[in-house]
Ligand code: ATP
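We begin with a single chain expressed as structure tokens, specifically the form predicted on its own.
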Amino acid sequence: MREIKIKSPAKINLGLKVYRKREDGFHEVETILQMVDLYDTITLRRIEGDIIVVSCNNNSVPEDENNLVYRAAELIQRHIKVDKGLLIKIDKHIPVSAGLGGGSSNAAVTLLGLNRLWDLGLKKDKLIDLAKLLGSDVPFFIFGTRAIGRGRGEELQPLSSGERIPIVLVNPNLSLSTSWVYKNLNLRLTNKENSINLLTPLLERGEIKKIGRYIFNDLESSAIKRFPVIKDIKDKLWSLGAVCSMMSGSGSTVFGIFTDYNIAKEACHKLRIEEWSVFLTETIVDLQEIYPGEILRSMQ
């Protein structure tokens, strides 16, 4: 095999609780991670020598060692002692620095793809261990489609995926630095009543209409102070029939959860008159929807 092409999904956070700052500089968090069917595409191609070359159709994405896909390939070369060359092409559709985990997903997919392309025989647990060295969200894209994340977000507990849920994503075409959002978070002002434990059983039972009163993101208030348009988007999604709306991760993307696909589709149509990037998506319920069978078999 000389080349492999894989879809790289986005994620949203269906709840995000931030606790104390850790000794390693990160914050202790608890979150519900959910894959949605908005994709980048990663193409991995063997080349001569042992160099790593990255190219991307988005000029704001680095094409050197500052890109997580480069670091993922380098990690494989170093830890598994592989001296093969690689061209990584990123076809970008997920907004950058938007709280949707695009870079983390790209890195995870690179690990999965190289395991197959280079016939490494790495099992799922080993790939997740390598993913933890790259970033907090990277392991999730190998682990499953919905999970609770604890610690930095990398300690994962599976949740049943249930039925597909229509999700509208709205990005105001503004980038928010994760480090800035956390730096400006006032933990004393976060709502102590917010709890992942209240959200989890509702999701597990598919009681989507009820989650609006419990869904939360502790990072949202500091992000809105920087970009008030985030609240405008939330209000707009509510008015167009969403059962709830919330900023994803550290922003700036806002998602609206709908119970009817046609209502979500109409909401997208109305939102696209704004100068925002709008995506009609659904939750992903099975890894087989996105990763080729040969990829999944190679890590069993």
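Being a predicted model, the structure only gives us computed values, none of them experimental. Numbering starts at 1 and follows the sequence shown.
There is another form of this protein, the form predicted in complex with adenosine-5'-triphosphate, and it is not shown here; the text below is about that form.
adenosine-5'-triphosphate is not shown here, and in the predicted complex it never comes within 4.5 Å of any heavy atom of Q34. Of the heavy atoms in T43, none are within 4.5 Å of adenosine-5'-triphosphate in the predicted complex.
Using a 4.5 Å cutoff between non-hydrogen atoms, G102 counts as a contact of adenosine-5'-triphosphate in the predicted complex.
For C268, no non-hydrogen atom is located within 4.5 Å of adenosine-5'-triphosphate in the predicted complex, even though that partner is not displayed. For the options C244, V61, V53, L240, the one in contact with adenosine-5'-triphosphate in the predicted complex, meaning a heavy atom within 4.5 Å, is V61. Comment: adenosine-5'-triphosphate is not present in this chain, but in the predicted complex one of V29, L38, L68, I233 has a heavy atom within 4.5 Å of it, namely L68.
Shown here without its partner, the chain carries V18, R22 and N217, none of which come within 4.5 Å of adenosine-5'-triphosphate in the predicted complex through any heavy atom. Note on the interface: of 144 to 152, 220 to 228, 198 to 206, 87 to 95, the segment with non-hydrogen atoms within 4.5 angstroms of adenosine-5'-triphosphate in the predicted complex is 87 to 95.
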